[in-house]
Structures are given as C-alpha cells and as structure tokens.
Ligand code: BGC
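Given as structure tokens, the chain that follows is alone and in the form predicted alone.
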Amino acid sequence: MKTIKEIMSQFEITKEQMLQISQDFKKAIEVSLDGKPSPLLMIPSYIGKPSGKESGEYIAVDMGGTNIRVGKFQIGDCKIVKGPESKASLKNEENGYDFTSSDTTGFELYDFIASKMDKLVSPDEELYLGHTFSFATEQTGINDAVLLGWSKEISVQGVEGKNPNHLLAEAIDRRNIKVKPCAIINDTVGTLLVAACTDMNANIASIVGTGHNTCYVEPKHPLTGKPMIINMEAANFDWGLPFTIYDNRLDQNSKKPGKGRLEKMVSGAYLGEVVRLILVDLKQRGLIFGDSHMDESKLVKKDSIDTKMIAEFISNKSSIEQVFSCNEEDVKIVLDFASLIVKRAAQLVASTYLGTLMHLDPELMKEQTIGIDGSIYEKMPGFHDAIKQALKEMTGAKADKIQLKLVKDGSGAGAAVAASMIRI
C-alpha cells in the first residue's frame, strides 16, 4: 500500500520538469505558427497593443457565460475610468425568462442585451461598442467573428455560424440606440489591452480563475507582418504534463474527456475536485478519516469540495476540522494536499509563462510584465508567491525582470479599449 508521502510525491514538480514544460510550451507556440499540429489554437485577435493616444467614452458588453454586463468606460491619458454599469443574468425563474436555452432565439437574446443599454445611453449620445465574447469563434477581423459553438450551459438557436456583433448591432438598431459595435475580443485579449494601457512592458496576459487561458503579442504575425495579440487557448496544452491517476480520473469523468488538460490541473473549476478525488482514495485505503464522524456526502458527491473551500482550508485550517469532523492528524493531511495541489497549479502556470517569454525573448534580456486576472490568482492564498518562486527557480536572477500584475475587470474594460483603438 502506498503511503501518504508516496502519494504526495506524485504532485511534486522539480525544476527540471518545469523547464521541460516551458520548452514544450515554447515549441507548441512555434509549430502552431508554422501551421503544424499543436494543442495551442493560436487564434488571431486582429488587434495589437494600444498606442496611448486612445480617448473618449465607450460602451462595453461582457458575455462570458450565463451573466452579462453592459458598462460605460472613459478612456484618456492612459487611464480607464469605469462609469455606470448594468448587470443581468440570462435566466431568471422568478421573472420567467431564460435566454440560455434552445427555446430562445438569437433575436430574443440580443434584444435582451440591447435592452440593458437603454438605461445607460441617452438619446443624444453616439458611442462605439466593444464586445468581450468568451466562446469559441473563428475570427477573421477585429469585428468579424463567427460563433463555432456554444458552451457554458448556453444553447440559443440561430447564433452558431453567425457574427454575434452583427446580431447585437441589429438589436441595437431596432431600439434606435446610437451605439455601433466595432470590436469583438476574447477576455484574455481584453486583459492584455488593459495591462498595456499603463505598462509598455506588458506583452502577455492570462486568466487564472474558474477557467484558464493566456495570450501574448506576436511581434510579426504571419497574417499581417505586424504585431498582433494571439489568443493561445492555453487550456488545451497537454504536452509532457505530469498527469497523475487522479488527474486522469477527473478528466474521464468530465464533460469533455481529453480536452482542456492544462485547465483541469490549474483552474478554479477543477482544483477542489482533484483534492476530493485524492481524499476519496485515501479514505478507501484506510489512510485518513478512520475515526471521523463526517458526512459522507462531503466526499462522495462530485464537486462537493470546491475551490473556495480549498482557499478556506489553506487560510484557516480549523475549517478542515469543521467540514470533515476529523482529528488533528487528518487536518494536516488535508491541508498538505490542498496546499500541494495549489502549488502544483502555480508551477504549471509559471512554466507556460516562461515558455511564452522564451518565444518572445529567448535570453530574457528585456523587462516583461504579465497581466493576470481571475479569482485563483487574486484570492487563492500563496498562489501569486508560488508563481514568483517557480519563475525564480527556473530563471535565477533574471526572474527580477518578470513582473506579475493583477488586472481587474480586463474583460469589461478591455472591450472598451478595443473599441477606442478602432475609433482611432
């Protein structure tokens, strides 16, 4: 029977492993740019970094799931000031509507979104609009993106195969609102645009929250020969990752086995489930909770341990005893595994960041800023420090050239920045 220590060792990542993952990620970038098979989709955004000359008031729509936000932003002097905002869920049982189901048409969905602008836009205003649309698209221009397929519980009919911004523009026209959609972007791209507004060294941005993705500025994109932000869809990276039996179990029990393997090791949607699968195995082996009077549903039910609980375990170990009714020895085991899973996630993310940096600057000679948004990066205890430590292990003194910068609301503000860049 494997001991606790032996099981824990499966999640420990060495410096050599991190460096190899970095090299593999760099290779995945470069073979994809050459048009060869790669786990990185490398979707062109058709937009570069802001010049700093952007100014004016803009409106942004952020649709990343079953909630939407519509807000105003004032841009000028390399600053972004958030104005009034309207938030809404696309489904509300009390009010009797559901704009996520297959019973809903694109006409109805976008009319609902457009209705949220009525309160924000006065009759005498004329505004440009940026749209953060975090679903799979085929993009051929900054305002030309076709929805390939819905995800995240949405199955509205009549939108797949069409440009969401065109549907939105038609809905806006029906309401006689003087707003012109002119840019459609991914939330990761928006995060980079916001970071670059105030930091000229920002060439990489990442989301580490419920999901995970990274983008960067390709200095000379093959399509245009000019700088362009590329949405890598980094969640799909899987070359050389140190999968354990628990990672494989999680993957096989997921909605999309074989897909998003990196995301399933680093993002908020999955970290709690990895810990749960470990604890289930430990209990079955008789290595934990032997004398516990715990509620079995805390372990048996899929996703019964979420990432918020992991954060609470790490910041307040007494919460472990409260959840599992266990002794001090078991508390330590749970805390050790929770901390190790979070550390591993940070190490994997750091490795992909280094791979991207090595593609941009092989000798790491320049100052580089990575803009990061997302609840895991912002709120998970120790996550930021673990990324910094991993980068230092891999690069030594050169790690001082790499700055990590929290970017709040990149998906909303970034869409406004994109619109301001098109207006210029």
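None of these values were measured; they are calculated from a predicted model. We call the rigid core the largest set of C-alpha positions that still match within 1.5 Å between the two forms. Note that residue numbering follows the sequence shown and begins at 1.
Unshown form predicted together with the named molecule; subsequent notes refer to it.
- If we take heavy atoms and a 4.5 Å cut-off, which stretch out of 68-76, 346-354, 250-258, 180-188 is in contact with the named molecule in the model of the complex? This holds for exactly one stretch, 180-188.
- Message: I'd like to know whether I207 contacts the named molecule in the model of the complex, with contact meaning heavy atoms within 4.5 angstroms.
- Response: Contact check for I207: yes, within 4.5 Å of the named molecule in the model of the complex.
- Evaluate S155 for contact with the named molecule in the model of the complex, applying a 4.5 angstroms cut-off between non-hydrogen atoms, and reply yes or no. Looking in the model of the complex, residue contacts with the named molecule do not include S155, since no heavy atom lies within 4.5 Å.
- Is the gap between A136 and the named molecule in the model of the complex 4.5 Å or less for some heavy atom pair? So A136 counts as contacting the named molecule.
- Should S151 be counted as a contact of the named molecule in the model of the complex, where contact means heavy atoms within 4.5 Å? Yes - in the model of the complex, heavy atoms of S151 and the named molecule come within 4.5 Å of each other.
- Task: Work out which of T104, N203, N143, N213 lies within 4.5 Å of the named molecule in the model of the complex, going by heavy atoms.
- Result: Looking at the other structure, the residue within range turns out to be N213.
- Ok, E263, D330, E218, E273: which has a heavy atom sitting within 4.5 Å of the named molecule in the model of the complex? Flagged contact: E263.
- Query: When the two forms are laid on each other by their rigid core, does P44 show a Cα shift of 2 Å or more between this form and the one not shown?
  - Reply: It does not reach a 2 Å shift.
- Aligning on the rigid core, do we see the C-alpha of A136 shift 2 angstroms or more between this form and the one not shown? Yes, A136 moves 2 Å or more.
- Core aligned, does the CA of M63 move at least 2 Å between this form and the one not shown? M63: C-alpha displaced by 2 Å or more between this form and the one not shown.
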